[in-house]
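As structure tokens, one chain now follows by itself in the form predicted on its own.
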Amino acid sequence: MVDPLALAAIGAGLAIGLSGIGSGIGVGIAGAAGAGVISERPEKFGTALVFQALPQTQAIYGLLIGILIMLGAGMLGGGAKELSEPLGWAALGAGLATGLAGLSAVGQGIVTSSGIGVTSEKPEMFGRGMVFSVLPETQAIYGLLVAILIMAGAGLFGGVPKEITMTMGLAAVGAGFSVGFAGFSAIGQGITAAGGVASIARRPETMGKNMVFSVMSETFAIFGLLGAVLILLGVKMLG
């Protein structure tokens, strides 16, 4: 038997750690572009900082779920709870969903770096650059959503945790993998969106077509979200 509290702790650590890696890389990519811009145009510091802040949100999602897992397991706020092993696996699944999906920040960093470069020359591109920059964040939101569904289904939001089966606990891990790994599609989306921002800067009338290109990669993230929800429904963890 695996210690359920240890599983919950690993889940919390993965949620915070993996999303932190994604945000760190994403912010670094955007920051490098910002440093290059302000070396020639120091007045663009504020604009660059706004773009650079966008990939940080994944780390915030990871921190939020990590804290919620620790609270649900009783690691914070007064003594560990009596968790069953299935609940420990469910907590691990919630952490995987948020942590893996948080690596989408890498894709967001790619497109925000393009936005920084374009708006430094054409300030009127700020709004459009922001629109394309937020696209890769949806994968992180899908991961956050699945983590919340897992924790709600397992009763880890305070009170007395539910009695779930081992099948449900391991299915939660599968759901976390489904939405988490599918969230890597944000890297492809970031590459496409970065090209779209540059294209629109030259020909503004192509925004609609470039938006179509940019959302194509998100289809696979939706597959991952759908798979995760179906897994949780299939083992009666939802509904």
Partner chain sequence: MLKPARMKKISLLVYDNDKDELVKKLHEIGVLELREINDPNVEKATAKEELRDVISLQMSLNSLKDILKLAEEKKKGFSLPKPPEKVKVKKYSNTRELIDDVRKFLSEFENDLRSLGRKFNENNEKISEYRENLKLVEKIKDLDFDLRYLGKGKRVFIKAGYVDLESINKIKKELEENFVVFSKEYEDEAFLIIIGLMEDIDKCEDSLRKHRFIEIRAEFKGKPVEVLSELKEKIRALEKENEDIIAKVGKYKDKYEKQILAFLELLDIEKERMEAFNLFGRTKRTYLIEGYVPEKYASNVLKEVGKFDCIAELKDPNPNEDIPVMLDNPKIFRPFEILTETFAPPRYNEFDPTPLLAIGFILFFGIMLTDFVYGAIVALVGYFLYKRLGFKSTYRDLGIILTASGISAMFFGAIFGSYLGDFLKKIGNVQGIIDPFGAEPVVLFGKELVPIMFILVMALAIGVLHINIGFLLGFLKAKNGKEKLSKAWFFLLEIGIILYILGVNPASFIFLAAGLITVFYLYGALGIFSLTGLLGDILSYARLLALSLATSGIAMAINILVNLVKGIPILGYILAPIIFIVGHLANTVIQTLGAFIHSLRLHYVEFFSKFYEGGGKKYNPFKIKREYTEEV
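Residue numbers count along the first chain shown, from 1. Owing to the predicted nature of the structure, the values given are computational and were not obtained by experimental measurement.
Another form, the form predicted together with its partner chain, is not on view; read the next lines as being about it.
Remark: of stretches 83-91, 144-152, 98-106, 165-173, the one touching its partner chain in the predicted bound form is 144-152 (heavy atom within 4.5 Å). Listed residues A198, I60, A35, I191 were compared with its partner chain in the predicted bound form; I60 is the one with a heavy atom within 4.5 Å. Though the partner is left out of this view, L54 does reach within 4.5 Å of its partner chain in the predicted bound form, counting heavy atoms only. Not displayed here, its partner chain is kept clear of P123 by more than 4.5 Å at the level of heavy atoms in the predicted bound form. None of the heavy atoms of V118 is located within 4.5 Å of its partner chain in the predicted bound form. Interface residue remark: I16 is not counted as part of the site for its partner chain in the predicted bound form, having no heavy atom within 4.5 Å.
Residues are counted as partner-facing when one of their heavy atoms sits within 4.5 Å of its partner chain in the predicted bound form; in 97-130 these are G127, R128, M130, in sequence order.
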